[in-house]
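Given as structure tokens, the chain that follows is alone and in the form predicted on its own.
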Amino acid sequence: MSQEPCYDVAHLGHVELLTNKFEESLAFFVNVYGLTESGRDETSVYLRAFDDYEFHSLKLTQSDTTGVGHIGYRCSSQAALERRVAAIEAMGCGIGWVEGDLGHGRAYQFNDPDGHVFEVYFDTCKYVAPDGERAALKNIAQRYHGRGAAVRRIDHLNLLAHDVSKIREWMPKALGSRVTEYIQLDNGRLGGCWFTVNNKSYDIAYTEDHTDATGRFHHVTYAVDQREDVLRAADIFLENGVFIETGPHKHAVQGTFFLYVYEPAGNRVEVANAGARLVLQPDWEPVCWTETDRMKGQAWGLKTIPSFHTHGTPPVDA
């Protein structure tokens, strides 16, 4: 009998990105990527896409390095938050409570097996658009502004890990996530694993870090409504001198239509369209992709670019 699904965690809330080129990164995310600034403090600017309901989905923080600061998930209730904290503390990976920031209230932080910092919270600040940004329809957080790529909402992120199999065991226990797809390598290791806490096909992925480093960042992704928006984003990146790493194309794993670029500090960012794909099946069996499968490349045959397996932030010596 399969384990009862756990829905204590509602969704991916936000990602904190570190940048050592703060002004350049901020200009990229606002003017080229199309996020909106909702607030700032001494070291960070809080950003969101036009249909993110929370105060922020990206926290951009000044640093002397790059990579991910922390990842935030919102729980479905205060009671659910307390259950997750109890489970995380029982696992021995807790860090402790923090008072939150401009975007949300008290949060509990903890580490994954690779050293990435996560937090779970419930109390949040919902975005209230000023007069000039209010949408005509009451069920949209902010009017469509058409600036840059004009991404709609945060979708997922990808982290690098030394041993993905440890993450596969850890994530369902910590967040109640389900595995939807994974890559099984010929050497017995997991090349990648995709997880979801709700009926999206995934909200976080982990892939194997081909270096000896730990706690590194692969990419963060914002969604757009249709594939044409991804093609439009490619033209916008080209016109603004943004390095396009790979795409537009369609992934075999998860079927996402993708485009990957580097923001000015070197953090990888994706614009993607997942189509209408949802995992509604309650007894979903994770899809296994073999090494032979992956050697065929992406969905339409585009070979995976070598840097996709080597580039992460912060960078490591060759």
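Since the model is a prediction, treat every value here as computed from it, not as a measurement. Sequential numbering from 1, following the sequence displayed.
Note that the form predicted in complex with a further copy of the same chain isn't included here; everything after this is about it.
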Do Gly247 and a further copy of the same chain come within 4.5 Å of each other in the predicted bound form, heavy atoms counted?
yes
Is Gly96 one of the residues lying within 4.5 Å of a further copy of the same chain in the predicted bound form, judged by heavy atom distances?
no
Does any heavy atom of Asn187 come within 4.5 Å of a heavy atom of a further copy of the same chain in the predicted bound form?
no
Is there a non-hydrogen atom of Thr211 within 4.5 angstroms of a non-hydrogen atom of a further copy of the same chain in the predicted bound form?
no
Answer with one of Leu159, Cys75, Ile167, Ala107: the residue that has a non-hydrogen atom within 4.5 Å of a further copy of the same chain in the predicted bound form.
Cys75
As a check of understanding, the residue in Phe122, Phe217, Phe118, Phe195 with any heavy atom within 4.5 Å of a further copy of the same chain in the predicted bound form should be identified as Phe122
Interface stretch in the predicted bound form with a further copy of the same chain - options 169 to 177, 99 to 107, 135 to 143, 85 to 93, non-hydrogen atom within 4.5 Å:
135 to 143
Does the trio Glu23, Leu26 and Ala205 actually contact a further copy of the same chain in the predicted bound form, every residue with a heavy atom within 4.5 Å?
no
Would you mind checking 253 to 273 for residues with a heavy atom within 4.5 Å of a further copy of the same chain in the predicted bound form?
Val253, Gln254, Gly255, Phe257, Asn273
